[in-house]
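Single chain ahead, by itself, as structure tokens, in the form predicted alone.
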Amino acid sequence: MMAKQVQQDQLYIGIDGGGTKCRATIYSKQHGVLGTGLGGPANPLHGLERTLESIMVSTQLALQDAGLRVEQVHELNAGMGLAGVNLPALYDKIMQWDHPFQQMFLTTDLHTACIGAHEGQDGAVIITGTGSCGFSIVNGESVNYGGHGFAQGDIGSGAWMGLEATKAVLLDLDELGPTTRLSGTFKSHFNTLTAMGIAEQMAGQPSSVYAKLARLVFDAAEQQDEVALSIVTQGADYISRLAKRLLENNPPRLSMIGGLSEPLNKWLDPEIAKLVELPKQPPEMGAIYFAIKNVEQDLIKAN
């Protein structure tokens, strides 16, 4: 009871960082959600400094939204789920950060997404946003598949679709590949008439920029463009196979999270699509649950 009483006075912040944006939510057990904030990309694989900047921007906006003082950042127990920290080197770099929080508990965005989707209970989750990956927790055992990063993996993700579409358009414009209506769409989007004009604008761009092109691919697929259909069906097939792999562990629930979860659903294997359930809570709430659990465990050890 003592630990529980102390817990009720704690302030928590849940941070969900991905390739496109970083969301932060401040929470107390007594009053629930106090404030939220949104920052830029927060995948350390694509830039450590940018990731830390996005975390702090979202945190400061959440503090402001909650009506808290800036210096109260030092009172926050932070649960942090970040893309990319499944790679040990990146996990270590974030853990070495001289952060401003009272405490920081770090894990992958997959882990916190799964905790949130099933409110701390067993289950599986597939993230289909800028990147793609799968994770499940069953009886204390966790497994994850995919999440290898852009551009060597993340099939079925927004970034992957944008990259595949860009490659197809460049081939079409050079008359070296099949014709696709995406070419006209891309020329309008990039305000250029040439393949080199598109290539120049996309050179060196991060995954988040490619991910923004995914909606154009879905639009073309809906209009029965064969190239776009091939991209979408290939991506959906991978996500379906990823789901089947996760279901081998018999999780009681399966959810999909991310900007592509809704548009992709209709393209999935029907047997998989009917099993997908809406997440109960967003990933940033999963990060809060993760922080609460760690703080409570520390209090029990201390007593």
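The first residue of the shown sequence is 1; numbering continues from there. It should be emphasised that the depicted structure is a prediction, and the values quoted were computed from it without experimental measurement.
Heads up, the form predicted in complex with a further copy of the same chain isn't pictured, but that's what we're talking about next.
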Answer yes if any heavy atom of Ala151 is within 4.5 Å of a heavy atom of a further copy of the same chain in the predicted bound form; otherwise answer no. yes
My question is simply whether Leu242 lines the interface with a further copy of the same chain in the predicted bound form - judged by any non-hydrogen atom within 4.5 Å. yes
Quick one: is Tyr91 in contact with a further copy of the same chain in the predicted bound form, heavy atoms, 4.5 Å cut-off? no
Tyr238: heavy atom within 4.5 Å of a further copy of the same chain in the predicted bound form? yes
Contacting member of Val143, Met104, Leu229, Ala199, with respect to a further copy of the same chain in the predicted bound form [4.5 Å, heavy atom]: Ala199
Ok, Glu222, Glu71, Glu119, Asp174: which has a heavy atom sitting within 4.5 Å of a further copy of the same chain in the predicted bound form? Asp174
Among 161-169, 71-79, 123-131, 95-103, which stretch sits within 4.5 Å of a further copy of the same chain in the predicted bound form, heavy atoms only? 161-169
Looking at a further copy of the same chain in the predicted bound form, which residues in 205-221 have at least one heavy atom within 4.5 Å of it? Tyr210
